[in-house]
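Below you'll find only one chain, the form predicted alone, shown as C-alpha cells.
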Amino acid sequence: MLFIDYSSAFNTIISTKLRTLGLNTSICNWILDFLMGSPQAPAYHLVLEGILILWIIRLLFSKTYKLQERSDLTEKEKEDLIEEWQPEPLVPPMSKDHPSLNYDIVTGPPSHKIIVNGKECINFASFNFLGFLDNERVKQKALTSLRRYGVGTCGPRGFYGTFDVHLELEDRLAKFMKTEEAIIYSYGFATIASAIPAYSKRGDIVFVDEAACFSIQKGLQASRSFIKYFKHNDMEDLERLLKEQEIEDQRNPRKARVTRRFIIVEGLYINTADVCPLPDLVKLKYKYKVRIFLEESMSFGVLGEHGRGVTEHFGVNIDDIDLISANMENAVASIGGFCCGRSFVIDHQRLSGQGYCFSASLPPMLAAAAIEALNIMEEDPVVILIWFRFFIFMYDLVNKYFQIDSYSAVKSVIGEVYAPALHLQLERSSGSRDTDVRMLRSIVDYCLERQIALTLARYLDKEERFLPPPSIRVVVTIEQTEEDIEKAASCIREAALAILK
C-alpha cells in the first residue's frame, strides 16, 4: 500500500529555485511567508472534499429520471395506446340544468320594480337598501361625470388612474366615517381580500369568525398566515384561543416579538344576518394586544344613526378599530369598496394593496355617484330611520307567518331584527344539499310567478371553509311599502305550504 501525506507538502521550500524563475526578492519572501505560515488542512478534510467533488461530478453526469421501456409492445400497439389516451378533464363535469348555469335575466334597473325574465316583480333580491340605484340626483351626477371623464380610466391609481373625483371621494368617506384617511378600490370583493394580505404575512396569526364571508377567506388565503377559527360570535371560544396563544408566546418570547396578531370579523354577517359583539371584541383586543379588522359591507349605510355602521350602532370609538372596510355596492348603489382608518395604516395599502395597485381605478362616474349618495345620507339621515322601520315590520311579519300551523316546523328565519337581509332556511333538511336547494328554488320560482322577486344565497360549495346551509335571502329596501312587504310574506308562506308538504 502506498500512503502519501500531503499535509507536509510545503514544509520544505527552496527559495533559490523561486529566484531562478526571475521573481523579485520581496515577492519570493511573501510567497514563502504565506505558504509556511498558513495552517495545514487535516487529512479527513481532504478526504471529505474529495468525496464531495466526486458526488457533484456524478450528479452532473447522471440522468434525473429513467425511462421505463416496454419491449413487449409492438409499434402498432404503442400507436394505439397513444390514440386511445385521454387527458383528465380540466374541470369536473356539470349538469346543464345546474342553477349557476341558468340565469334569471334582468331588463331595466333593479330598483323597486324589477323586470325578471320579462315579468315585472317587486324587488326583494337586490342590496339597494337606501334606493340610490334609481335616484334622480345620483343618476344626474353620474351623467355629468360621464360627459366630463368618459366611461372608465384604463389605468391603475399609480399609472394615470388617479382622478380628482377619486381624491374627493376618499376625502368624503374619511370625513363621513370620522377617520383620518380612506382609500377606494374599484372592486368590492377585492377590497378586504387585498387589505388582509397587505398587513398579515407568513408567520402572523389571524383569529377569524367561522361565518366570515368568502372575500375574507380569500384574503386570508393570500396572506399565508396561520389562521385560527373561532365559533360564530362566541367570545368565550375566541378568548380560549387567545389564551392558548398567550401561553405559547410566553414559551417562545423571541418569536412572539415579531409575530402580529389580528382579529377579523364582519360588522353584520352576510351569511347569517347577525351582528358581531363589537364591544366585547374591543375588550379582548386590549386585553390580549391584538388588532381588529372590521368588514362592514352589509352594515355601512344601514346601522347607526347616520349609517356609519357597527361602531356607531354600539357607540364604540372608531379609533379602537385598526381597519374598517366596506364595499360601495350595497347601500351606496355604486361599485368598488373602501378602507378607512389612521393615515399611516391606510397609506400602506397604496404600496401593497394588490387590488389598488394592479386594477384599473374606479370609473369617475361611479365615484361621482357615490359622492352624491353620501351627500343625501348626510343631508337626510331620516332616510335610514325610515328604512329601519320597514325592516322591523318585515321581520315581525315574516316571523308571525312562520309560526302558525305547521309552518314553523318547515322553515326558520335567520337574522337580526335590524339586519337589511334575512335568510329563510329549511327547519328540517332532506339530507341532501342538492335536494334542499331545489326545494328552495321552487319557492323562489313560485313567488316569481306571482311577481315577488327573491333569490337563493349562492356559495362556492367546494371552496367555502364553513359552508352555510342553503337559504332564500329576503332583502328589505326603503322603496318597498308595507303592502309590498305583506304581499311578499304572504306569498312566501303560501309557496312553502304548497311545496314543502
Partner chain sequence: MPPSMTKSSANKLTNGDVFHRTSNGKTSSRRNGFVKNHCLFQQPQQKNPRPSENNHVVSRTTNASLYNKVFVEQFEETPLLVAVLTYMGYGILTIFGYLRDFLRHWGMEKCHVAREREEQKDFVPLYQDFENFYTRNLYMRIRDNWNRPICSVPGAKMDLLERASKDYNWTFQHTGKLVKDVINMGSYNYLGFAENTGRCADAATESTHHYGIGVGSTRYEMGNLDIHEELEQLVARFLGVESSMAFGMGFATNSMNIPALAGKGCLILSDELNHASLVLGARLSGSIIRVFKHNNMVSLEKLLRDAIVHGQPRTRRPWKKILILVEGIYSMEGSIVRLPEVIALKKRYKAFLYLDEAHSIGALGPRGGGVVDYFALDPKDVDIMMGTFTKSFGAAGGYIGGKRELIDYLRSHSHSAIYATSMSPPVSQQIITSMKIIMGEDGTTLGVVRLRQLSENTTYFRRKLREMGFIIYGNDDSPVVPMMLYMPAKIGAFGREMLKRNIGTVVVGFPATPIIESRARFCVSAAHTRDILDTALEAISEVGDILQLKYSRHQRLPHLPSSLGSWSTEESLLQEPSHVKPSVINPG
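Positions refer to the first chain, counted from 1. Keep in mind it's a predicted model, so treat the numbers as computed, not measured.
The form predicted in complex with the partner chain exists for this protein as well; it is not shown, and the discussion that follows is about that form.
- Residues placing heavy atoms within 4.5 Å of the partner chain in the model of the complex fall in a single listed stretch, namely 163-171, out of 272-280, 233-241, 163-171, 298-306.
- Remark: R251 does not count among the residues lining the partner chain in the model of the complex, judged by a heavy atom distance of 4.5 Å or less.
- In the model of the complex, H45 stays away from the partner chain, with no heavy atom inside 4.5 Å.
- Remark: P87 counts among the residues lining the partner chain in the model of the complex, judged by a heavy atom distance of 4.5 Å or less.
- Among heavy atoms of A360, some come within 4.5 Å of the partner chain in the model of the complex.
- Checked against the partner chain in the model of the complex, the candidates A333, L268, I264, I184 yield a single residue with a heavy atom inside 4.5 Å, and that residue is A333.
- For the options K175, R260, R428, K119, the residue carrying a heavy atom within 4.5 angstroms of the partner chain in the model of the complex is R260.
- Taken together, D104, Y149 and R224 are fully in contact with the partner chain in the model of the complex: each brings a heavy atom within 4.5 Å.
- Residues A453, L454, T455, L456, A457, R458, Y459, L460, E463, E464 are the ones in 435-468 with at least one heavy atom within 4.5 Å of the partner chain in the model of the complex, listed in sequence order.
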